[in-house]
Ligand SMILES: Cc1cc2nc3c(=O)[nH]c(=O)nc-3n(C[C@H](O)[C@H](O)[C@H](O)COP(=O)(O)OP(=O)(O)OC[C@H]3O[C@@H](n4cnc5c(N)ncnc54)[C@H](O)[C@@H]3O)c2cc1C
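Okay, here we've got a single chain as structure tokens, the form predicted alone, with questions on binding and movement later.
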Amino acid sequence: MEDKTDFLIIGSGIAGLSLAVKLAPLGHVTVVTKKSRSDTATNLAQGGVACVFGPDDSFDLHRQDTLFAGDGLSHEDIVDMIVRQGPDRIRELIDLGVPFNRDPEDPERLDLGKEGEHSRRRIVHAEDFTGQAIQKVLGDKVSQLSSVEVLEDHIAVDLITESKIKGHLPDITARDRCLGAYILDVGTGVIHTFLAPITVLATGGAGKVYLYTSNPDVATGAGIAMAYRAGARVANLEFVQFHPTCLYHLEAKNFLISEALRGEGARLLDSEFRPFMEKYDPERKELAGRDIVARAIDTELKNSGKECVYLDISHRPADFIQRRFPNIYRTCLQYGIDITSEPIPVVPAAHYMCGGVVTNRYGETDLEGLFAVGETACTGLHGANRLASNSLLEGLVMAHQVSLRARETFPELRSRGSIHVPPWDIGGAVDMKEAILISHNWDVIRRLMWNYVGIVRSTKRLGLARERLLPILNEIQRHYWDYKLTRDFIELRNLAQVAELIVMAASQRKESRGGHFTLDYPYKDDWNWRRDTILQKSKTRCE
């Protein structure tokens, strides 16, 4: 079944929906999303959006903090562009109705929080459920636009490219072109052929590759896997950021304890309730980078044999905690933890993919007509490690950049002659009767990645991971044409693909940098040397 649209956006987080709003005046926009439109990492984001608004802040300071966090691999020009656009993008959200907190002493100003590695208070937030507030406002706005259609429970199978259409011989001197994507309607089991002059990957990250993650279940690296299979470059996939503090509780799932708590003075304690961060970063302690804090906790757990450490903010006034962190306070209370009077048990978890599909400053990939935005993309902003709360900022700014380029290229791409694209051919595929084929491999991959390709790595562990992934990848490939596709099987295929790419990338990097730490190539922990070196060499490219 063939469907045509002007703009096909795959993903419904902050990048996908804000882009849909901007593209709506240009033509028909189709947004497809795996589950409901609110099943996104954006909806789970607590901290806020990093943006220069404070009287003591500057674009240069935000830029330097981002470059330092990126450990020398950020693109200086991209960092500068995104940081400078931040205030305008935040004002757009305010105009749409996002209820960002105001300074209690001056309601004309935004209330600004602080997080790790930020030299100033610059986190614009809506209590401690900023992502949820943004997701709701953007979702409501999209619902009001007649030119935007959101298809829930639709999952992309593969991109359609000009070079892979049987019987069609494209110009070998030209760039390959993306024509759309094959999309599975989960409810009916029908795979639709969606054709569009412009296709945008806004599918989020790949946290579900790991056993423990703060990400939603949909974060299986779909956009990265599809782009790679279609021939687009991917980069920096070894740089998986592990958030230091997820709630440790048998009944809790994926609940993040925001870095904003540490920004407001929360302390990390070991199993004997003793502070320990001074051992790992005497100057910044709890406000060190996420890679430093996550490794510190990992070391403490391995040395003690315990299952968690603790985050304590109970020394702050109870009314302040309840007012500043109402979501975290209420959620922890549901699990019997009163954060106003006792510490929170926490563990690290896979949180953010710093790499992704390589794009330019307008979100364009190697394939004509294909863009990538948000966590799916590798723009060069994050380098080897993302600065806290720069993710929502990047999603907003790069969606704006994509909209600018789409305005320029859409008329010409739409005027191209049509190419016959064959419908999805199920051949002799039959229903998969044994779901254990999927669930078993899913579990094996996630445990394998957590144990061998996690916070601390080694050449031997990476080699074992690659060796054990290969038979799973071969099995998935055999089953791919034997069974009718389901959402679970598509996600397993993407998960396995991205797992292999992470292992390959990690194996090729013979150094420790940012989110990639290997025992075989430990780096210097001289912070003054690191900062000076990184800022001097900030033009290193993300390739």
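Residue indices: 1-based, along the sequence shown. Model, not experiment: these values are computed from the prediction.
What follows is about the form predicted together with the named molecule, which we do not show.
Each of Gly11, Thr33 and Leu392 places at least one heavy atom within 4.5 Å of the named molecule in the predicted bound form. The partner is absent here; in the predicted bound form, the one residue of Ile78, Ala156, Leu268, Ile313 having a heavy atom within 4.5 Å of the named molecule is Ala156. Screening His351, Arg457, Arg262, Lys208 for any heavy atom within 4.5 Å of the named molecule in the predicted bound form leaves a single hit, His351. Within this chain, Met398 is remote from the site of the named molecule in the predicted bound form, having no heavy atom within 4.5 Å.
The closest non-hydrogen atom of Asp39 lies within 4.5 Å of the named molecule in the predicted bound form. Within 4.5 Å of some heavy atom of the named molecule in the predicted bound form lies at least one heavy atom of Gly47. Within this chain, Val402 is remote from the site of the named molecule in the predicted bound form, having no heavy atom within 4.5 Å. Of the candidate stretches 317-325, 196-204, 341-349, 406-414, only 196-204 has residues whose heavy atoms lie within 4.5 Å of the named molecule in the predicted bound form. The partner is not shown here, but in the predicted bound form the stretch 249-281 reaches within 4.5 angstroms of the named molecule through a heavy atom at Leu256 alone.
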